[in-house]
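Just the one chain here, laid out as structure tokens, in the form predicted on its own.
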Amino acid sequence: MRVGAEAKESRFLRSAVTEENRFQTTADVVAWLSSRVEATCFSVECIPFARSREWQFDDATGNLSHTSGKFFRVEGVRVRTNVGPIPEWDQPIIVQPEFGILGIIVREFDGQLCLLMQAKPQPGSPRPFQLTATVQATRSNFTQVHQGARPHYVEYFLERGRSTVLVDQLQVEQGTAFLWKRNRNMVVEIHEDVPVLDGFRWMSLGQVKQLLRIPNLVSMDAQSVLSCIPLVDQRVHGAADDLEVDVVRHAGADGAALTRFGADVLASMGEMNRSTHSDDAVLSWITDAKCRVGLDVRRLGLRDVRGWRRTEDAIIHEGGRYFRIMAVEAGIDNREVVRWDQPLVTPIEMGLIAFIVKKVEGVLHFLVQRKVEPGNLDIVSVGPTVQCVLGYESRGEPISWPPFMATVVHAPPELVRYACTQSEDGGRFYRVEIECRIVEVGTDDVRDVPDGYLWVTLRQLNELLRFGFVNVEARSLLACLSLI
């Protein structure tokens, strides 16, 4: 296997198996985030729409928009499809046609690649501060439509020549809440000294992975970028033993030993010849769905959305299901704008996303599904085995559970490889918490899967991710995979 000392994959791999670094311990990071809360004036209050100074409902359409005409709007859509139990429905949806930047700066210190992470307060986060990417900004933010300060470090992502691009991918956002929304996920390397501003710190990739075991600490936007970081060269494939030898060679004295599951994860990243389905068959599985699925999404005014109504303080479903849209007034003294109000999407129930994994011919495979969501520009995306977040699949009565929900919910502890609560982006969502799980089953379990599900290796899943086929829920789970 060719993974040279200078290859970006080897450097990321070395960082992923090294929690220690020259800057701080993982416990120090947690204490630092707590100290940020104590030192920051932070307030978030739910308000009726009539109290909003910056957002207004249009008299003609009922749509909710910012007075500048920028940022985003809340409109309605009417959806018709030939898949799933509900062939037609209306719903509110966020329309934000501009691309945002989710970007992480990396730099090498003493032979170790470190990530510049930010402690960022968001009005809708369950925690006042979360660990997020170096830059997390919409185009309206970095063009300063809000007349606030420009996001720190954004020039390293916008100006060619200021950095070396290691990752640059357009990825889809939440298809149940956003209409045709994508963000630019970037990782850039710098080779110059830059001031580490207040609210930022350098961390190893392994350290960030460990912090993903703490509920709601690492933002979902950061998880999206982390999932795009390559640990193995997707163009060159070798045996699992070669990969483990490479980890030992490149980790250095501070590298941690791989867990058994971590070794299986790493092997699944590089194994080409023992996948259940060929790469061409996986692509055909997606292409076939795009050709057969009927999805008609028609935009309409909020006033014409059936089954939803507006109250003084929320836009709600008449059956009390799915989600609500409400308004908040926020005050945070170290943001680009220190006081503002805005609408946020809030849940009716706690979400659940999960991968079921198992070894097939000795190689770890992930059970994925084709997801059809109204806000997905490409109609079909690749999602996790189970996905119940804001949409029409619910954690409610077991009789209505989607496929494999029971396997995930009732998995004995010894089969659970990852379990932690994470949260959606607090800039658009209000305390949307999601139980994240990775469950490993036996080789002879889950043998027959229904149409729309497929077993793939992690190498194949990462390849689909590179081309923007993998949805944000699956990306979040991929980010949580740790080797140590």
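Heads up: residue numbers just count along the shown sequence, starting at 1. What you are looking at is a predicted structure, and each value in this text was computed from that prediction instead of being measured.
What comes next is about the form predicted together with another copy of the chain, which does not appear here.
**Q** Is every one of 30, 34 and 260 within 4.5 Å of another copy of the chain in the model of the complex, counting heavy atoms?
**A** No, the whole trio is out of contact, none within 4.5 Å by any heavy atom.
**Q** Of the listed stretches (127-135, 386-394, 269-277, 73-81), which one has a non-hydrogen atom within 4.5 Å of another copy of the chain in the model of the complex?
**A** Among the candidates, contact is made by 269-277.
**Q** Which one of 149, 196, 170, 406 is close to another copy of the chain in the model of the complex, taking close to mean a heavy atom within 4.5 Å?
**A** Flagged contact: 170.
**Q** Given that another copy of the chain is not shown alongside this chain, does residue 437 nevertheless sit within 4.5 Å of it in the model of the complex, heavy atom to heavy atom?
**A** No, residue 437 stays farther than 4.5 Å from another copy of the chain in the model of the complex.
**Q** Within 4.5 Å, heavy atoms only: does residue 182 come near another copy of the chain in the model of the complex?
**A** So residue 182 counts as contacting another copy of the chain.
**Q** Is there a non-hydrogen atom of residue 297 within 4.5 angstroms of a non-hydrogen atom of another copy of the chain in the model of the complex?
**A** Residue 297 lies outside the contact set for another copy of the chain.
**Q** Is residue 109 close enough to another copy of the chain in the model of the complex to count, meaning some heavy atom within 4.5 Å?
**A** Outside the cut-off, so no.
**Q** Select from 461-480 the residues with a non-hydrogen atom within 4.5 Å of another copy of the chain in the model of the complex and write them out in sequence order.
**A** Heavy-atom contacts to another copy of the chain in the model of the complex: 463, 464, 466, 467, 469.
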